[in-house]
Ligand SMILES: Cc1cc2nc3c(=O)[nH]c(=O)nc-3n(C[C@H](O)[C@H](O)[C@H](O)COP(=O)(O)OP(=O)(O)OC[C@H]3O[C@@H](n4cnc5c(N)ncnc54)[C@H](O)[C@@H]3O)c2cc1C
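Before any questions on binding or motion, here is one chain by itself as C-alpha cells, the form predicted alone.
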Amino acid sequence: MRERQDVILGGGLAGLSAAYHLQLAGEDHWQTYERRSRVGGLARTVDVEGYRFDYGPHILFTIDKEMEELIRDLLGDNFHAQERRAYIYHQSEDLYTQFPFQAHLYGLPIPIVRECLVGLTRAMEKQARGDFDPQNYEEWMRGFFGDGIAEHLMIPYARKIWTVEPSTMDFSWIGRRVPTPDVERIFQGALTDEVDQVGATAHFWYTKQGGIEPLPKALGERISGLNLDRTAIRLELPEKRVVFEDGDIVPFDQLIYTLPLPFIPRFVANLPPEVKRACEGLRYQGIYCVNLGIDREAISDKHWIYYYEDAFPFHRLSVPANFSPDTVPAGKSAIATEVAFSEDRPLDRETAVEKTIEGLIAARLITADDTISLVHTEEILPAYVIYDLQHASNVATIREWLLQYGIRTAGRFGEWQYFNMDHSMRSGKRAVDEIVAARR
C-alpha cells in the first residue's frame, strides 16, 4: 500500500493558494491534483483568433492587505490599476446612469427620482423605529433602500442574474457585494452627477497583458507537487483514499477539497441520508458567455454595463479592450456578454447568440451594419451559488461531515460561497491555517 500523503483537489486559485501557503509553513509534502492541463479554474483566459476572453469576465480588487500584497507580487510589472467606468442602461429612457444605481439617480426622470427618494426616506423611518427585520433578500432590498430603488432596478436585476425570486433567497452573502452608500451620498447622487465613485470596485486591477490567467499561472509556478491532467473520480471513505480516472489510488491523511460541494455524491458512495439531502439541496445557476469580435475599434468607453430589462437576454456585458488593449487585435473591439440560466430559467442554446446580437443592437451598442468577425461561446456551470433560505444549514451539514475524515473545503465552490478571486485565495490560506494549528 502506498504511503499516505496530503492532497489538494483542484488547481484553481483556492487550491493553488493553499499549496503555496502550505509550502511557506514548511508543509512541502502536499500534492495538488488538477484535471485540466493548466491551472486556474474559473480564472482562465481563452485566446481565439487574436482575441482574449476570460472564462467569464474578471477583475481584481480587495480590501485584504495580505492578498493584495500577494497579487501585486505575483503580477509584478503586469499589474494595472484603473478607475471603474460601469453603467446601467435604461432602455425605457434610452439613457445610461452610473453604477451603482442607488448612488447615481441623477439624470433619471424626476418622477422616478422622487419615488426612489421617498421610498428611501420611508425605509429610514422604519429602520429608526426598529422595524427593519428582513427575512429574505427582497425584504432586505425594500427595507434597506426603500420600495422605489428596489422596484425600479434591484428586484428586476436580482431576478435576472439569480434566475429565482429574491423572496426565496437569503441575504447573508451581501457584504460588499451590494454597494450601500450612506443616505447623504444617495441624495447627493440624485442632485448631481459630479460625485465620487462608491463601492469596492470603484478602483480595480487588471493585467496589462494576457487576460486574467497570468495570476493563477504565476501562483502555479511557485508551488511544487502540482499534478495536471489528473481527474479524481472517487473518494473512498472511511478508508481515506482518492481514486483517479487512470486507476491510481492515493491514500490521504488530510485533504483540501476545492471542487463543487454539490458534487460530493458523485465522489462518495453511500452518503448518510442527511448529507445526501444537503448536497441535493444546494442550488446554483450557470453563465452562458457569448463573446463577440467586432470589426470596429473603440466601440464603447465603458468597462461594463448592467441590463435589468426583459428586452435583453444578458444581465451584464464587458468591453475587454477597455480593461486592456492586449485583449483585442488592432482596429477591433470585443464584447463579452453574460446570460444567466438554471433549472428555473432554462437556457435556449440554439437562439442565445442570435438573441444576444439582437439585444446589442437594441441597446445601440452595435448596429445592424457592424461586421461581427468572431462568435465564441463558453458555458460555466456552476457559476454562482444561489443563497436559498436553506443554504447555510445545508453547507454546514456537508462540511461538518467531511471534516470527520480530515477533509476541509476551500474556495468558491468548496465552501459554496459567493467568493471573488481574493476571497478564494484567502479561503485556501484559511484552510492551511487550520491544518497547521491542528498539527502544532
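Counting begins at 1, following the sequence as shown. Quick caveat, the model's predicted, so the values are computed rather than measured.
Form predicted in complex with this ligand: not shown, discussed below.
Asker: Heavy atom to heavy atom, is L42 within 4.5 Å of this ligand in the predicted complex?
Answerer: Result yes; L42 sits at the interface with this ligand in the predicted complex.
Asker: With a cut-off of 4.5 Å between heavy atoms, is R230 one of the residues that contacts this ligand in the predicted complex?
Answerer: The answer is yes: R230 has a heavy atom within 4.5 Å of this ligand.
Asker: Is M421 near this ligand? Define near as a heavy atom within 4.5 Å, in the predicted complex.
Answerer: Yes - in the predicted complex, heavy atoms of M421 and this ligand come within 4.5 Å of each other.
Asker: Closest heavy atom of F61 to this ligand in the predicted complex, within 4.5 Å or not?
Answerer: Judged by the heavy-atom cut-off of 4.5 Å, F61 is in contact with this ligand in the predicted complex.
Asker: When this ligand is placed as it is in the predicted complex, are K160, G175 and D388 each within 4.5 Å of it, taking any non-hydrogen atom of the residue?
Answerer: Not a single residue of the candidate spot has a heavy atom within 4.5 Å of this ligand in the predicted complex.
Asker: Which residue, F252, F171, Y306, F267, has a heavy atom that falls within 4.5 Å of this ligand in the predicted complex?
Answerer: So the residue touching this ligand in the predicted complex, by this definition, is F267.
Asker: Under a 4.5 angstroms heavy atom criterion, identify the one residue in A396, I380, I372, L403 near this ligand in the predicted complex.
Answerer: Of the candidates A396, I380, I372, L403, I380 is the one lying within 4.5 Å of this ligand in the predicted complex.
Asker: Note that this ligand is not shown here; using its position in the predicted complex, name the residues of 126-144 with a heavy atom within 4.5 Å of it, in sequence order.
Answerer: Going through 126-144 in order - heavy atoms within 4.5 Å of this ligand in the predicted complex - there are no hits.
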